[in-house]
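Following this are structure 1 and structure 2, which are two forms of one protein chain, each written alone as structure tokens.
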Structure 1
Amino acid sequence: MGKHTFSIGGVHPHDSKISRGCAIEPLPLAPVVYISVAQHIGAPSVPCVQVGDKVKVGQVIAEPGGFVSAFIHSSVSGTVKSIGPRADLAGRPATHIEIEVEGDEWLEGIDTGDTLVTKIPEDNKAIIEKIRQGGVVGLGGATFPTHVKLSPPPGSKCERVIINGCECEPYLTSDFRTLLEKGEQVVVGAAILKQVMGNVPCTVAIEENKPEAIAHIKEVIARLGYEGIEVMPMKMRYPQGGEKQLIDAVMHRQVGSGALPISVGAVVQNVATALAVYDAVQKNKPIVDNSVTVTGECFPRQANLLVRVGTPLRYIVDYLGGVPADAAKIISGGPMMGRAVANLDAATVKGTGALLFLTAAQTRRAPESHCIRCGKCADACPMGLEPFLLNKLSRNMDLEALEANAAQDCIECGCCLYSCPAHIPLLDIIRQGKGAVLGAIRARAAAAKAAAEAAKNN
């Protein structure tokens, strides 16, 4: 037990899963929701409703803006009030569809019942199309459209599907609760993914600080009688749930720089995504809600809520008693990779997994001092990079050296900044360097492509 983990770096923050005992409860409907058309990686979706239209729950309100894009469905029934820019949680304007809620009428054909449907359709193409129609995106944080991930480029072969139930970020418990309460659905979702990828073996990876979930999923797999799906208990370590780290931990294969997981034969899907796949394929239910952990030592009312997409953050917080007086920072997501909320009027998106309240004492950064060359950042980096070096190179924007030292491989997990005893804002500055290197690499690729085209034409 607990032997499996990734091979380089990592840190051990206190897991602080204080909301682990809170069952998922549905949040009452907000009076108005604001659904963003840019809540996934890739092209923003294009609204296909007009102001004044009546919509039902599950109705498509925006269509994909490209191959790497996703359908967006109304999460409520009501009237479209406006379509226009609205600030997201960082204050950036993005197109949102505002819907005034009237009742809770679901679109015909969506099965809202609780009965477990275990019979999986046979046509894999149809399954992938259903996943696409359901607007399913990776709910582990990256929100990459799932149907794209399930359509590997020709020539690559999937050898294992990994269901990511690590939830290695401190505080977060929504995946844990999902595993406990909707374990059957998650397992059926895993079975669907397994079948789509060519009946390859499937591993459900769960960190050992969630023994109830490990036991429950093992029991469910046995009860439902699936072959080739196994539970793998993982040693507790951050960032275990990072895609590359998890593949390393489960399959002992390292995904190369700039390569996709499929290059080593792996497809990783989050627990919540597996549930969304189940909903989309077996129940015709697109993503209209997701579970959100609301937590923090200073937050009196811990909860795991089932929240409709587009619910204003302020509505969620007010429902649970408002922002506590000593909360200094609100984070959407976990404390290591989540984003600080600058604007509580922003609405949730499909990928919103948590709202975390931290006090100033917990989160305020200490003043920066000199690097003492202790190397703790390099020990912590799960990609084997040397943040102290990248820090210097990024400050000078030495792109050549940054690329030679693999700044582009940074996964922005935050281990370096977390562990730096001199409190140097390593990740802040490395992100800049990484961005510049990726820009240079893309520019080079584009130039090479253009040159090749030109050569072909001549």
Structure 2
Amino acid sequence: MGKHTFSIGGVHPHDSKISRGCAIEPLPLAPVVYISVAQHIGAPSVPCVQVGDKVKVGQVIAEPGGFVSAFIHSSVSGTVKSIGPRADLAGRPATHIEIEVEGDEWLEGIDTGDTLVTKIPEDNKAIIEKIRQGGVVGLGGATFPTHVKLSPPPGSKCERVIINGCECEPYLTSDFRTLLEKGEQVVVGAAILKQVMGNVPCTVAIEENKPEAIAHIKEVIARLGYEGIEVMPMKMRYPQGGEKQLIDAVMHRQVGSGALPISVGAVVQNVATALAVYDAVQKNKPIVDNSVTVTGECFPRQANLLVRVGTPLRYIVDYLGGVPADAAKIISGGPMMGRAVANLDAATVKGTGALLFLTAAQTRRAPESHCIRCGKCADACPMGLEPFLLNKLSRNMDLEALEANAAQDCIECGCCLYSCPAHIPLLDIIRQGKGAVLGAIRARAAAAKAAAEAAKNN
């Protein structure tokens, strides 16, 4: 068990799953929620409610702002108090819809019962439309609109659906608890995705440090009788749950530079996304809540909470006893790929999966010294890049050389930083270079499009 893994790089941090025994518990409703219209990859959504409107749980409050965009629904019932800029997790201003909570009245037609619905509709186009209307996005971190991923471009064909249950980031346990507590719904969601993509084989990938989840999902698949769905135990290795790494481990195919997973016949969806697909298709329930791990050795009460989208972080922390005195940093996500929370008054979004509390000793970086050309960062890079070179090019902002050396392919996993004996902040520096390269690529594409349109008009 657990022999499957990717072929390039990777590291082995301690998994620190100290909240794994905490069942998911619903967080009581906050008095006010702040729902961002920019909580997915692509164009921000456009508010379709006004100040003073009464809304119910599950009601659309913002519509897609483009093809790659998503519907946003009210996570509570109450009155819209304001629509305007508010600081997000990073402290950047983004439009939020403020709703004062009044009861918990759900929109008509949403099935909030626990009865499992296993019969899948036959109309795949109608299924994808339900997923679109439900505002379903990837909940593994990228928040890419799911209906877009399920509509491959002409000439592309899916050969396998992969459900990502690895949860390889240290400390995170919400996906593990979802597999244990909502395994039936996840499997039905996987069967829906499998059908939509042409009844291709489906693999549920789970790391070997979750034997209970592996056994449970195998039992559920056998009991529900869906054919063509398998569980594949994976080696415990970071970043096993990275999309390209998972495709390599399951299908032994490498996604090329700048290419999408569908280019090698793969469609990857997170466990929580499969659950959201089930809810949208079988229950008419849009994404209005998600499971959030709250953890850290210094945090007195470990928890996995079911949190309504738009809940202020401070409300969550206060519910569990407040910020510990020895907590020096709060991270949204895990310690490898998560981002520091600059604003505890910010609100959760669909993709919020964890709040991690770290002490000063856990976050203190050793003094940076000179690169000794040991190559450990290159050995650890799961994308086959040369972080020591990208570090130098990023410091000099040599965009042409950065692009030629595929800085844009960096998945920001932090393996290079983790493995560097010189304690060079490789991830931070390369991230800046990658951002500049992606900006240049987008600008070049926009200029080419404009030139093509001008030529067409002439």
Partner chain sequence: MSNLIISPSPHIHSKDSTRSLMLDVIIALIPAVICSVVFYGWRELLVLGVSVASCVLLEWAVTKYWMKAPSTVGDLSAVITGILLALNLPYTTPWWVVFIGAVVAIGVAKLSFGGIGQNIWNPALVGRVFLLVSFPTYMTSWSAPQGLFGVDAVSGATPLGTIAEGLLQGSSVQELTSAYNYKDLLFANLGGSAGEVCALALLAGFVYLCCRKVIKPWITLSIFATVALTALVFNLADPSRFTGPLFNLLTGGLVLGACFMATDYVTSPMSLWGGVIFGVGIGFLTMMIRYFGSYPEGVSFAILIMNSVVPLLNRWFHQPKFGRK
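By convention here, residues take numbers in order along the sequence of structure 1, the first being 1. For clarity, every value in this text was computed on a predicted model and none was experimentally measured. Basically, rigid core = biggest C-alpha set you can superpose within 1.5 Å across the two forms.
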item: Correct structure when looking for the form predicted together with the partner chain; value: 1
item: Ala440 C-alpha relocation of at least 2 Å between structure 1 and structure 2, rigid core basis; value: yes
item: Core-aligned C-alpha movement of His14 between structure 1 and structure 2 reaching 2 Å; value: no
item: Is_shifted Ala23 between structure 1 and structure 2 (CA, 2 Å cut-off, rigid core); value: no
item: Displacement in Å of the C-alpha of Glu453 between structure 1 and structure 2, rigid core kept as reference; value: 4.7
